[in-house]
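This document starts with one chain, in the form predicted alone, laid out as structure tokens.
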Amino acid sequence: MSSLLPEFLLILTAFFILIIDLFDAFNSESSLSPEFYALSGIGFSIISLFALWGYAPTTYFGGQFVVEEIDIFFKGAILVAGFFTVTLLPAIFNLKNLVKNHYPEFIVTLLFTLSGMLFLASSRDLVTLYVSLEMATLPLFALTAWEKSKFSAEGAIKYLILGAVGSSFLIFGFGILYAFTGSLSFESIRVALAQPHQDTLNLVLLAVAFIIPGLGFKLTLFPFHTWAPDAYQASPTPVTAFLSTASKVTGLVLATHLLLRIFSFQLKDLQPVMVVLSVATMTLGNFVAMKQENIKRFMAYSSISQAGYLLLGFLTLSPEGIASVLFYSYIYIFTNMAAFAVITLHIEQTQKQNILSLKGLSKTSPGYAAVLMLALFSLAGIPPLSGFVGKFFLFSIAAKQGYHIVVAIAAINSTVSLYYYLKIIKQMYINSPDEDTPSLKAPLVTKAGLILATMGTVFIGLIAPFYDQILWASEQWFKLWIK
């Protein structure tokens, strides 16, 4: 089986949807909906991806594209996030507004973004990495502005401008690395940077000074996070969910390439910077989230704080560190998608984004209120939910490496996050609903996705073999790259 099959399946599905839409077939009452084809394509991509498990690393294009076991887990997380995002789309699109809102084109754009993210995971040189990153990012600008409102355009423009600035910083950093090493390959650059002399250190610091802002933008690290609240609020809610999950995992892939594949010899010198970024990001995200009144901006700052926790896994050059990051990524995807499923239904059916509009949800829609409560508790790290297990691994790995103060700060931040998550739960369970508050109803596809996400929120953290497989893949990867 070709290791490129998952990417090709997504691209073929996108073009297939375009061809069907060309003949106006989706307007027929008897035709299958666009999300059916999208879910099928993503589902077959996941199957083909995990069918590659156990094969030796496969190399294409002279080493520019490689598929290893660790890449399979990263790509799997991206595809799972894409799958759940598509299940949310029927909640905001239907046959009546299909043409008006260009639903097929929306899904095609989403599939192209997913394919770029998969290519990014297997990139092994600077050019392939940058082109894949742009392929993954540029369609997101269009998805953010899809609703064509003034507010949506404002958020998308801010996202676009800051995204362009972040990409510019990255390409400057890559240029410095190429100028010094004369190579584009990750491995060649890593070996060249290992030469212990002062000129090397100065050039590495200069390259890092340019690369960190680009990486910080993608991961929404402080102080490069400022685009996120506006973009999250401006986007259609499924796109907000996609930005907070798949885009976040893509940032983790980028961090893995840069910090572990290129700067592994310098990682010890970079750790103080990473500590500061981690602590500042989680602290700002949590404390600013307390003041939010819009539910989507609230989730944006929650996502920013989660990025601070995830950065803990990169404080150590060890298989356990990258395994804990990957494991928490899966947990975060299931948890966040469960929360956003309820938020999407609420916003679409009430046309309100204020947190106060959730009051009394437990009385009008008790099942959906329970799902949102479980998701919020998991994000806060309450046992025995999956979020607690994921944070336990992240914190314990950092503590083993001697970062006790950082772990203590992270624990305090988790306590703070519980406070503002409880504010939403209070609205749902203590306050009474307005007389015109509707009972939430979900399309079958959205309801199925919500059930799967909720099951993952509750149970995935307790599946030890899942973590063991990720740890094994991380150990194999470290044997190849970290010498």
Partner chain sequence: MVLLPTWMILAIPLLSFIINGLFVRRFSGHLAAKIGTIAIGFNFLFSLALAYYFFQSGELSTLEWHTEWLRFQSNLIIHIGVMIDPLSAMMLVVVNTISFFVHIYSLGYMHDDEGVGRFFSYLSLFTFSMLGLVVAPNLFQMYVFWELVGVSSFLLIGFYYTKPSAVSAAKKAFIVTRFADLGFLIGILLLGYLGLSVNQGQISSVYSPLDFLFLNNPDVGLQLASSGLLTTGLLLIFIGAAGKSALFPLHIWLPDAMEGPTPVSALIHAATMVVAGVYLVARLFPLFNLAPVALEVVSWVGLFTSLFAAVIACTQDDIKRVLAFSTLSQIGYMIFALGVASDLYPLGYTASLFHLFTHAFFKALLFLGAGSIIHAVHTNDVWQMGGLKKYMPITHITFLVAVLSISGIFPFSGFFSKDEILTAALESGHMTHYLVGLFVALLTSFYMGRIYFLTFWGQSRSHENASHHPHESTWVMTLPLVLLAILALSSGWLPFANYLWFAHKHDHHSLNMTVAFSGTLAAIIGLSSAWFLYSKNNFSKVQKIQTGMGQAYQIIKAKFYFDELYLFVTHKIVFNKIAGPIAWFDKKVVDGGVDLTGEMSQTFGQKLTLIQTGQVQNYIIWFIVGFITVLTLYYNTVL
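Positions refer to the first chain, counted from 1. Note that the coordinates shown come from a computational prediction; the quantities given were computed from them, not determined experimentally.
Here the subject shifts to the form predicted in complex with the partner chain, a form of this protein not shown in this document.
Quick check for you: of 68-76, 291-299, 247-255, 84-92, which stretch puts a non-hydrogen atom within 4.5 Å of the partner chain in the model of the complex? Flagged stretch: 291-299.
Is it the case that Phe334, Ile355 and Asp434 all touch the partner chain in the model of the complex, with a non-hydrogen atom of each within 4.5 angstroms? The answer is no; none of Phe334, Ile355 and Asp434 reaches the partner chain.
Looking at Ile212, Val279, Val371, Leu260, which is the one with a non-hydrogen atom within 4.5 Å of the partner chain in the model of the complex? It is Ile212 that has a heavy atom within 4.5 Å of the partner.
Sort through Tyr328, Phe242, Phe217, Tyr309 and report the residue having a heavy atom within 4.5 Å of the partner chain in the model of the complex. The residue from Tyr328, Phe242, Phe217, Tyr309 that makes the contact is Phe217.
Using the partner position in the model of the complex, report whether Leu317 sits within 4.5 Å of the partner chain, counting heavy atoms only. Although the partner chain is absent here, Leu317 would stay clear of it in the model of the complex, with no heavy atoms inside 4.5 Å.
Wondering, does Gly116 line up within 4.5 Å of the partner chain in the model of the complex on heavy atoms? Because no heavy atom of Gly116 falls inside 4.5 Å of the partner chain in the model of the complex, the answer is no.
May I ask you to check whether Pro229 falls inside a 4.5 Å heavy atom distance of the partner chain in the model of the complex? The answer is yes: Pro229 has a heavy atom within 4.5 Å of the partner chain.
Could you confirm whether Thr283 comes within 4.5 Å of the partner chain in the model of the complex, counting heavy atoms only? It does: once the partner chain is placed as it appears in the model of the complex, Thr283 has a heavy atom within 4.5 Å of it.
Out of 343-359, which residues reach within 4.5 Å of the partner chain in the model of the complex, heavy atoms considered? Heavy-atom contacts within 4.5 Å come from no residue here.
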